[in-house]
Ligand code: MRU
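Form predicted on its own, single chain, as structure tokens, below.
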């Protein structure tokens, strides 16, 4: 699979586990630069805070679980340079800078809150590597719980990227596809372009094709006609934050797919680890929505641009939510 987020030791070893983490310093966070895909597979390494924050903001690493893993390992990489006497204060300051990088994906804050409790660098690295290891296990479990939805000959629509590139490995919404594919089931995945940054065509299609899964890329506004033509049997997407009542924040355009799926009587499933659930928010209206750089959207000079990164799908349009604990169906209650 794709080692999207990893710890690289000074000896050049790539690590995901948290055992004996006290022996793994010095080191750096290593990520795939997703802005270069699919034309180039480029890796970046970090052990200072400003370049790391900038990389998260410009989506060199993206996807809620991957952001959380990268922030945790990046915090450890930066914190190894702190003096022991100033460790606790320095970690809090570094974590605050990382927390300000993106507002919507709750995994970022969840991971940083766990790391803030560390009393020394060994403990911090052990925690960060543990977060990565947990994410990989959770994604594998999501795949195991969701693979029964993938039936032979199905057409499955997905939006944005919720695969190995968006997580520690395997993915959330793509994990059931990988699990079913490994068992020999054949199906076609329709990958929305996902404008304006084309995460579906650049990342999801590249990732699935690389894995040997039949994938077709189409423009976002072709989804309705494909549903009308009977090409889509299931919609499966990821999430950046899920409210206590089951409202789901995901890449802009997801809400429209949910409305279309309901009209055409197509199941609409969300796959995400429990770390994406924010039980402190009663409903989706409270989820902060990131506003992206207007330059990402092509527009005539002088025209104002509206560019939210996410929208919120009401829980009543969600057929089921797949987590590492299994499939959950309405009524949702994550409080």
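These numbers were taken from a predicted model, which means no experiment stands behind them. Residue numbers count along the first chain shown, from 1.
Keep in mind that the form predicted together with this ligand is missing from the display, and what follows is about it.
K.L.:
Pick from 59, 32, 277, 287: which has a non-hydrogen atom within 4.5 Å of this ligand in the predicted complex?
P.N.:
Among 59, 32, 277, 287, a heavy atom within 4.5 Å of this ligand in the predicted complex occurs only for 59.
K.L.:
Within 4.5 Å, heavy atoms only, which of 114, 145, 102, 126 is in contact with this ligand in the predicted complex?
P.N.:
Of 114, 145, 102, 126, the residue with a heavy atom within 4.5 Å of this ligand in the predicted complex is 102.
K.L.:
Is the gap between residue 251 and this ligand in the predicted complex 4.5 Å or less for some heavy atom pair?
P.N.:
Judged by the heavy-atom cut-off of 4.5 Å, residue 251 is in contact with this ligand in the predicted complex.
K.L.:
Should residue 166 be classed as touching this ligand in the predicted complex when contacts are defined as heavy atoms within 4.5 Å?
P.N.:
Result yes; residue 166 sits at the interface with this ligand in the predicted complex.
K.L.:
Considering only heavy atoms, tell me if residue 74 and this ligand come within 4.5 Å of each other in the predicted complex.
P.N.:
Result no; residue 74 lies far from this ligand in the predicted complex.
K.L.:
Is there a non-hydrogen atom of residue 310 within 4.5 angstroms of a non-hydrogen atom of this ligand in the predicted complex?
P.N.:
Residue 310 belongs to the contact set for this ligand.
K.L.:
When this ligand is placed as it is in the predicted complex, which of 85-93, 153-161, 255-263, 205-213 ends up with heavy atoms within 4.5 Å of it?
P.N.:
It is 153-161 that comes within 4.5 Å of the partner.
K.L.:
Mind listing which residues of 230-265 have a heavy atom within 4.5 Å of this ligand in the predicted complex?
P.N.:
Result: 238, 239, 240, 250, 251.
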